[in-house]
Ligand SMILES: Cc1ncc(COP(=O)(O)O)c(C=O)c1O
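Let's start with one chain on its own, the form predicted alone, as structure tokens.
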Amino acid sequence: MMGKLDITALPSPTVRPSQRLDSVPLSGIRKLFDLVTPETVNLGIGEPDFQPPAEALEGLSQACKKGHNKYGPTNGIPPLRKAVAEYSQRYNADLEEGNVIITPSGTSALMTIMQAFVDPGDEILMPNPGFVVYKPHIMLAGGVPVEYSLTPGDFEPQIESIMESIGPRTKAIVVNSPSNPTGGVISAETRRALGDIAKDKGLMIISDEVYDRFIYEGEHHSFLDQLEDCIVVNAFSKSMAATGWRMGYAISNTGAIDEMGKMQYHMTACPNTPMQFGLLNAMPTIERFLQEMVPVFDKRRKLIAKRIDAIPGFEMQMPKGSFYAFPSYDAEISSGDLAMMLVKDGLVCTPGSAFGSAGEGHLRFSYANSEENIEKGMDILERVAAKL
């Protein structure tokens, strides 16, 4: 009699990953999650501790009850596309429904862009440190990631580094402001310089502006006024505290949006229909919701900065945007090992190395959490730092 087939055996000689997937490492953010317990203070994930607006919840419920549970248009339902265009007219008064595609998360929008516009061998410039998906998405599309540096302290794109990185195969520049993980915000001068480079060199700009409404000092300088050679990515995850809904959008010229729609069809057919109606119902209230949430985050920003600055060996500049603190430290220990020490002591953060080689010597803390948890987390950080 044959024994029971072991379907858990790895690696399988036939069911194995492609070389391109095998070349992409697991996210450094996700690696620590298996060690989290209910008692752990989790400052490792960028997730607002608010609930979505009541109007969004009601809109979702009503959409399901009214039968909006079927396939929708590939580029998103027209009323939501129109509402997003109008909401974004603060940066470009000419935006219309045709400039918008609704996507299953901001991450999905970034992946769709890479798959739609990057050919094998194309070089894509990306920030170092930078958000963890940029490099894998470029590689999975067959592109070549080329890192550019950020200025020390304020973490703005270093124009000289970008110019030195441009070659004959460069196709696009990835920009992220406000930044994850650094909290940096680009200035008007940097925004202008990047726009000039794109025009002069015939490059596309992929601008990740997911945190555009989380600005505490200065203002947001969007690329939405340069859509002939730019695609702007945003999401509802942060602005409506709906991370689990996985809903985002991209804005560009209508030709680029059509190409993204073509790729999105082959990736996911269409975004979630009832979720779109829920968000649509909340769009008129989004300003009020942000006016309640952002000042709370600003208070937490000041609290975590004060606590970190008081810890010997740690140093950070006050973040101007997003909801991340990205301090450096001077101990002789890798950020991965230090993050592991902290999680064993009850605090989850993200090692700076997860965001690129220039992130080494840093830790990322999310302050999208309660003041009580921030205080507890910083107590743990202070205690562990004293042991180093």
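Position 1 is the first residue in the sequence shown; the rest follow in order. As the structure is a prediction and not an experimental result, all values here were calculated from the model.
Same protein, other form: the form predicted together with the named molecule, not shown, and the subject of what follows.
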Residue 208: heavy atom within 4.5 Å of the named molecule in the predicted bound form?
-> yes
Any non-hydrogen atom of residue 106 within 4.5 angstroms of the named molecule in the predicted bound form = yes
Are any of the heavy atoms in residue 235 no more than 4.5 Å from a heavy atom of the named molecule in the predicted bound form?
-> yes
Is residue 82 close enough to the named molecule in the predicted bound form to count, meaning some heavy atom within 4.5 Å?
-> no
Is every one of 95, 223 and 252 within 4.5 Å of the named molecule in the predicted bound form, counting heavy atoms?
-> no
Contacting member of 277, 117, 131, 216, with respect to the named molecule in the predicted bound form [4.5 Å, heavy atom] = 131
Out of 231, 110, 194, 138, which one falls within 4.5 Å of the named molecule in the predicted bound form, going by heavy atoms?
-> 110
Quick one: find which of 238-246, 119-127, 311-319, 153-161 has residues within 4.5 Å of the named molecule in the predicted bound form by heavy atom distance.
-> 238-246
Using a 4.5 Å cut-off on heavy atoms, what residues in 169-199 are near the named molecule in the predicted bound form?
-> 176, 180
